[in-house]
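Okay, so here's just one chain, in C-alpha cells, the form predicted alone.
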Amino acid sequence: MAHDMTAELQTSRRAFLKASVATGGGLMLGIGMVQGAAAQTAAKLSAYVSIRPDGSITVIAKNPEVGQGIKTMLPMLIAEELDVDWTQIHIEQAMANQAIYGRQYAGGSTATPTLWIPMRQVGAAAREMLVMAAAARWKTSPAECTTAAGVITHTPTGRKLTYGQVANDAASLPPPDPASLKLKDAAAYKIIGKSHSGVDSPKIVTGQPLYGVDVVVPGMAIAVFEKCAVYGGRLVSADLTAAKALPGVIDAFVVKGGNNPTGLVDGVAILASDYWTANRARADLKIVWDEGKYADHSTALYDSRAADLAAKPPQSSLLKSGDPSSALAGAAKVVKAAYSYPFLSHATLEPQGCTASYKDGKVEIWTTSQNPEPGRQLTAETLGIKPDDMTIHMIRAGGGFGRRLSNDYFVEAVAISKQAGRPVKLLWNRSDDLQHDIYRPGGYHNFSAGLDASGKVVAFRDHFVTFGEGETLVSNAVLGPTEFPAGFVQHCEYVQSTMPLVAPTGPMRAPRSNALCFAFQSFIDELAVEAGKDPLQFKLDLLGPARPAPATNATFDNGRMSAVLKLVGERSGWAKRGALPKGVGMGVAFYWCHLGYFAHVVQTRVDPATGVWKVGKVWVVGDVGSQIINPTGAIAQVEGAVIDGLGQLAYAITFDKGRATQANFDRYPLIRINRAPTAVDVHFLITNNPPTGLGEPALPSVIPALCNAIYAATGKRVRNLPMTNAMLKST
C-alpha cells in the first residue's frame, strides 16, 4: 500500500538535552539532535519549555498549525511529563528556524511517530531537574520528592516548593541523558488521553485575527498577481496604463520569473490600498502571453492517450511475482475493469497568500506554509537573498491538505515586496487558487484478475497509465510495488505507461493513497461479487492469517489490518445488512498508509429516479497504536477525513487549451452539509504499537466504501470519477 514511512522515521541521530537561563530568569530546556559522534556543543538547541521564577510556564509549538491540532497536541506531551496542570501552560508558536527547531513541517502524519518520545523527554527532564534543585535546597534525596500541578513536595516533611521557586537553581544543573529518563506509564497520564479543545479555538469562534489573511504590517499594500492561465506560459508584453489609473491603485509592474511552475513565474503585480481595488484592476490589464507548448493539452486528450496506451504493451514493469499470464489463462473466471480518477484541487478555504517586508537586503515574512524552510531556500535561490537574512513567522493557515507544502506564493510575495520597496500582503483569489494549484494527479488503472473455481484470487494485474516522461513521473503520480494485494496473491504484476502533463502536481491529504485506494479497493469488491462471496469476508480471506510481512510489503502487518476490518464489521452490523430496504446499501473498504490501519463501512441511500445519493451512517475503525493523545482532536480529524473523502467523489479539475476550466466553487462544488453523513461512528483499536498519526490514513478507504455501498444499493459500479447523479439513475 502507499507511502512506507519506515525509512523516513529511521535515523542515526542521537538526542541530547540542554538547559539555560531563560530571559528574565528561570529554566529554559530544549532538545537537540546530533549525528553520530558529533559534539553536542556544535548542535543548536530547540528551546521547547521555559519556567520563570513567577511560576509561568511557556511551551513552544514547533510545527506549523494548519488545522490538524498540532499546536495543542505536542505541548500536551511536554506538559504531561512535566507534571503540571494543562491550565498552567501558555503556548507560543515557534518562528521558522530549522537551525534551532530542526525540521518544521506539517504533512505526512509524521509529528506523532517522530515526536512522541522526544517531546515527553523534554517534559520529564525539566521535572527531574526541578526536583533535583528542590532536593538540594532541602538537603535531601530527590527520591523523597513528588510532583503535582507544578509543585514539588518533600513527602516525609510535607514541605513544598513551586517550580518557579527553584527554576533559577534548576537552570544551573546539567540536564539528564534522555536515555536515562523514566517516562510515565500510561495509567498515570493526566493530560495525554484526555480531551482538550484547540488552544486557538476561543480566537477562532470569536473571529479574532489569527490567520495569514489577517496579518497587518505597518505601511503595507495589498497585492495581487496575474499569471498566465497556461502552465509554462511566458509574458510577452503588458499595457498597465488602465490598471494604474484606477482610483486606489498604488502601482502595477511586471515581475519576471522562470520556468518552475512551483516557484516564481512571469506575471503582473498590482498594489492597492485594499484587496477589492487590487483585484478589480486585474480586469484592466492588457497582457499578451506566449502560452507555450502545452496550450493544446486537455482532459479529453489525456483520456484518449490513456486509452491508447492501455491497449498497447506497457512501457515499464513495477512488480512481477509468479507467472501472472499463465495464471490468468488458467483461471476459472477472469475479471477485467478500467478505473480512472481526475485531477483535484486542494481548495483550502483560505486561499494562498503571504505577507513580506523587504528592506536593505533583509526580509521579514509572515507565511502559512506547511514547510517554510524550502520556501526560504527557494527565495534565496530565486532572488539572491541570503537565507540568514530572512525572518519567518509561522502563521496559522486556514487549511493546508498538502497545498502549502509548495511555496510559490511565498516567493511571489517576497519578489513583489522587493520590487515595490515596501511591505505587501499578497492575496490570491479563488480563481488563482483553483487554476494555479499543485494538483492531486489523475490516473488510469486497467485491472485483470483471475479467480479459481472456489472464488480465490489466483492472479492480479494492473496496467497503470500515469503522467511523466519515460520512467520519471510527475509528483505523486506513483504506483508502488507494495500496493495491496501485492504479496498476498501468488501471481501479481504491476506495469506502467506514461504521458506528458501540462500542470504541476503534488501531495494532497493521504497523497497517492486517496486515489489508489479508490481503484484497488473498488476492484477487489468487484472480485468478491464475481466470486459470490461476502465482500468483507472476501477481503479478510485475501489478507489471510496473521503472518510476518512479506518481502514485497515490508512494513504492512496484515494481522492488524484484519483486526480493524473485523471490528468495523461488528460495529456496523455488517452481517445484518440484508435487512436494509431497497435502494439502501452498505459498502466496506480498508487501507494502510502513513503507518495507520483504517477500515470504513458506509451506508447510503440512492434515489433511483434522480440518482441523488445520501450517506446515512459511516463506521470507522482505526489502529494508530497504543495511545490516542487528544481524543477530541483525534475524532475531529477522522470525522473531517470522512467528509473530505466523500467530497472528493463529486468534483474534478479538467483542462482545456492548457488551462484549468474550474475558476470558482460553482464548477468545483465542495461538499455541503446535505451530503455529509448523518452520523460518524469513530472507534480506535488500541494495540501494543508505537503511536502514529491519523490525519492522512483516516481518509482513503471511505471513498471506495461509498462506491461499494452504491453498488450494493443500485447494482451500478462506479469506476470513473467524478461521480455524478446521472451515473446512478436507474435506466
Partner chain sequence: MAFTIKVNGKNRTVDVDGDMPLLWALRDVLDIKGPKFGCGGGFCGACTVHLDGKATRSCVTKVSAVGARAVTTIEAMAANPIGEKLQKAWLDLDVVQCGYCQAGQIMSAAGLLAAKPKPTDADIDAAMAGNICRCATYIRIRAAIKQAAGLPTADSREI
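Every value quoted in this text rests on a predicted model; they were computed, and no experiment measured them. Positions refer to the first chain, counted from 1.
Only in words, not in the display: the form predicted in complex with its partner chain, which the text now covers.
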Worksheet item: So which of Pro202, Pro156, Gly544, Gly470 reaches within 4.5 angstroms of its partner chain in the predicted bound form, heavy atom to heavy atom?
Response: Pro202
Response to the item:
Of Gly532, Pro209, Pro313, Gly258, the only residue with a heavy atom within 4.5 Å of its partner chain in the predicted bound form is Pro209
Practice prompt. Report whether the minimum heavy atom distance between Gln637 and its partner chain in the predicted bound form is within 4.5 Å.
Written response: yes
Worksheet item: Closest heavy atom of His436 to its partner chain in the predicted bound form, within 4.5 Å or not?
Response: no
Worksheet item: Ile671: heavy atom within 4.5 Å of its partner chain in the predicted bound form?
Response: yes
Discussion item. So, Lys244 and its partner chain: in the predicted bound form, are they within 4.5 Å at any heavy atom pair?
Written reply: no
Discussion item. Among the candidate stretches 107-115, 412-420, 81-89, 347-355, which one is within 4.5 Å of its partner chain in the predicted bound form when only heavy atoms are counted?
Written reply: 347-355
Worksheet item: Is every one of Val66, Asp274 and Thr604 within 4.5 Å of its partner chain in the predicted bound form, counting heavy atoms?
Response: yes
Worksheet item: Though the partner is not shown here, which residues of 387-418 have a heavy atom within 4.5 Å of its partner chain in the predicted bound form?
Response: Arg396, Ala397, Gly398, Gly399, Phe401
